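Okay, here we've got a single chain as structure tokens, the form predicted alone, with questions on binding and movement later.
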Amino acid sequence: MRFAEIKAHLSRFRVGIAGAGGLGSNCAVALARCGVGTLVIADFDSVEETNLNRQYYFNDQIGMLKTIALKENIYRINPEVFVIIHQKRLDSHNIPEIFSGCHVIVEAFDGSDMKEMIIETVQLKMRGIPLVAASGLAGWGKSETIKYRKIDDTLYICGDESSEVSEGLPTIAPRVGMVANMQANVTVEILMNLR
């Protein structure tokens, strides 16, 4: 299949991105480059200088809301993508409304409590919608430990599932990018199997 055909197929679908930090910003950019038709991005945070080591933002965007900055960056890459943004802190009440109509949702949160919350919310309130989550991306090296696991037809996990972020084991661009692009790749695979 040629890229034009892949792009035409992917342009029919809507993907939700829950969080616009390291995982979310890099995954959204990868999906935009592939030609996904609509991206629904939700985050409440602003770009900080400390984000630039792993997130898809630029120095002149410091202080901007992440959703606005990311939408701007995506349009510079692929103006054909329709980007819907929400400047909100996600919770179990607003997730079903914000990501209504999405064919796949990508979990891109930092905290394990938020990861658990979105998994439970999507599985209970949005039955049948695939969720591509991440777990274990701190540090550097150990590329062979990063993998993808299909839990069932609606839950996929990308990462090493063990490395936890700490002061001595921060998140930095290479592993964050690997996991974010793995999430994008799993998302594309799911969408390519939809008719």
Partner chain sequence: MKILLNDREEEFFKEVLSVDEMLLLKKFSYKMSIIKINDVLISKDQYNSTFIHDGDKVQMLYLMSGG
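Keep in mind that this is a model prediction, so the values were computed, not measured. Numbering follows the first chain given and starts at 1.
Unshown form predicted in complex with its partner chain; subsequent notes refer to it.
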**Item:** Interface segment, criterion being heavy atoms within 4.5 Å of its partner chain in the predicted complex, picked from 57-65, 158-166, 28-36, 41-49
**Value:** 158-166
**Prompt:** Does each of Glu144, Asn181 and Asn193 have at least one heavy atom within 4.5 Å of its partner chain in the predicted complex?
**Reply:** no
**Item:** The single option of Ile98, Ile77, Ile84, Ile119 touching its partner chain in the predicted complex, heavy atom within 4.5 Å
**Value:** Ile119
**Message:** I'd like to check something about Leu137: if you look in the predicted complex, is any of its heavy atoms closer than or equal to 4.5 Å to a heavy atom of its partner chain?
**Reply:** yes
**Prompt:** Does the 4.5 Å heavy atom contact test between Asp91 and its partner chain in the predicted complex come out positive?
**Reply:** no
**Prompt:** Wondering, does Gly16 line up within 4.5 Å of its partner chain in the predicted complex on heavy atoms?
**Reply:** no
**Message:** Please determine whether Lys71 contacts its partner chain in the predicted complex, using a 4.5 Å cut-off between heavy atoms.
**Reply:** no
**Message:** With the partner left out here, which residues of 16-49 have a non-hydrogen atom within 4.5 Å of its partner chain in the predicted complex?
**Reply:** Gly22, Leu23
